[in-house]
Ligand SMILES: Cc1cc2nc3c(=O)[nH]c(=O)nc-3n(C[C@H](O)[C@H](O)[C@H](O)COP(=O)(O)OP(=O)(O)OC[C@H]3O[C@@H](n4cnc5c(N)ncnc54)[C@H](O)[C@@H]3O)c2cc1C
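Next up is one chain by itself, shown in structure tokens, the form predicted alone.
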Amino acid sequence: MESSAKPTCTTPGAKSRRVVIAGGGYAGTTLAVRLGKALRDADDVEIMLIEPNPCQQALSELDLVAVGPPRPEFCELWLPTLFKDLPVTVCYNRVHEVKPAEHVLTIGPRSGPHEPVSYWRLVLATGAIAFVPPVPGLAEHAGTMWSVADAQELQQRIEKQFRSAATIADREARVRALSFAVIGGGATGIEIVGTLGQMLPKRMREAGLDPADLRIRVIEGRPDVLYDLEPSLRLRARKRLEHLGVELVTGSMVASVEESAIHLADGRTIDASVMVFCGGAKADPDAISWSMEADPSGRLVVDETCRAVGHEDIYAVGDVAAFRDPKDKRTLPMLAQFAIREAEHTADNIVREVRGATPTPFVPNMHGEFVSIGPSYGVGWAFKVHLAGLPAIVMKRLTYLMYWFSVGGIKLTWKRTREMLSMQR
């Protein structure tokens, strides 16, 4: 397929059929790349990706940017670079509305004006946003960890507290100024708190501060952290956190939050000058307004081929889709590995449709899960084998390499590998 003379976002191109992909995260980017490589001129199909940001953000690496030293670019894949040699038109805009009956979606700012974009097939891959429950003071005083901007904000707050602590003579006051708390003991929260535990002491020594004044806590309402992992792996994670000086505060929900304190439902109060909330995510809230069936959590209901129920020309993949595993009827969790595999399968199904074949069911399989606890230690499993320490980190980084290779080839993989190796401690 030729990549020259690409159409604009709102006017028909030279091709007779248009595949529109809404969202440029793991799912949308994977799907666009796979389609761009698979389709040929004879297929007579135009590919358009609609995404407001020029770069894809890798959420699993935000902790490294937040605590340093990697630059924000470490978490970003530049879309113009990924698609420069592929027949994919990237429209930098946001989806405002989907009109299934008209085979049209509209793009533009929330307040308008909005422009129509027609489609032959539509793939909704608009992802999820951070979920912050209505706990008094939580949204006002705790940051989230869902974007590069969030990571940069945390880095700035850390630096601000370092500067403040350097001017405080009273040790108790200095310890309060250097108290950090992560709310949420799932994978994201543990990755953040683990990186804080491993990297902040070194940064403090470089700043002339005493790491003995540092307090780092992770707060989890359930009795333990990392409930998605087996008990033996959770035990290894707890031991690693304790080795890093991280205090685990479990068994009570957060009741309210003040500027420098977290109050728990059981009456405990936790000092915290910097707070990060990592309590979960919810599907793109706009999706429930697009005239398609959604489940109670707001994710779009899809069939076994990842098509939106009742709409044979619309697919939904990734975090915005509620795909039920045929083996146990449970909705797949919001994990990048499922988003990527759904996208790959959907790209193949669209190629099948283009060439007159019938889409096939998606069969999910979870091959493993790894959680980093600082840049040099991890826990997790792959193919029923439990791993901890450096082997787990190697496996986690290997998943990055596989993704980079799938969307950017050997050049991108080598570039990102060098960046990753340079920041290891």
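The first residue of the shown sequence is 1; numbering continues from there. Predicted model, so just to flag it, every value in this text is computed and none were measured.
The form predicted together with this ligand exists for this protein as well; it is not shown, and the discussion that follows is about that form.
Heavy atom within 4.5 Å of this ligand in the model of the complex - residue from 197, 127, 184, 87: Contact with this ligand in the model of the complex is made by 127 alone.
Should the three residues 153, 158 and 378 be counted as contacting this ligand in the model of the complex, with contact defined as a heavy atom within 4.5 Å for each? Judged in the model of the complex, none of 153, 158 and 378 sits within 4.5 Å of this ligand.
Even though this ligand is not shown here, does residue 28 get within 4.5 Å of it in the model of the complex, heavy atoms only? Although this ligand is absent here, residue 28 would touch it in the model of the complex, with heavy atoms inside 4.5 Å.
Given that the partner is absent here, does residue 323 sit within 4.5 Å of this ligand in the model of the complex, heavy atoms only? No, residue 323 stays farther than 4.5 Å from this ligand in the model of the complex.
Any chance residue 284 has a heavy atom within 4.5 Å of this ligand in the model of the complex? Flag for residue 284 set to yes.
Quick one: is residue 190 in contact with this ligand in the model of the complex, heavy atoms, 4.5 Å cut-off? The answer is no: residue 190 has no heavy atom within 4.5 Å of this ligand.
Candidate stretches 315 to 323, 348 to 356, 231 to 239, 255 to 263, one within 4.5 Å of this ligand in the model of the complex by heavy atom: Checking each option against the 4.5 Å cut-off leaves 315 to 323.
Only counting heavy atoms and a 4.5 Å limit, does any residue of 200 to 215 reach this ligand in the model of the complex, and if so which ones? Contacting residues: none.
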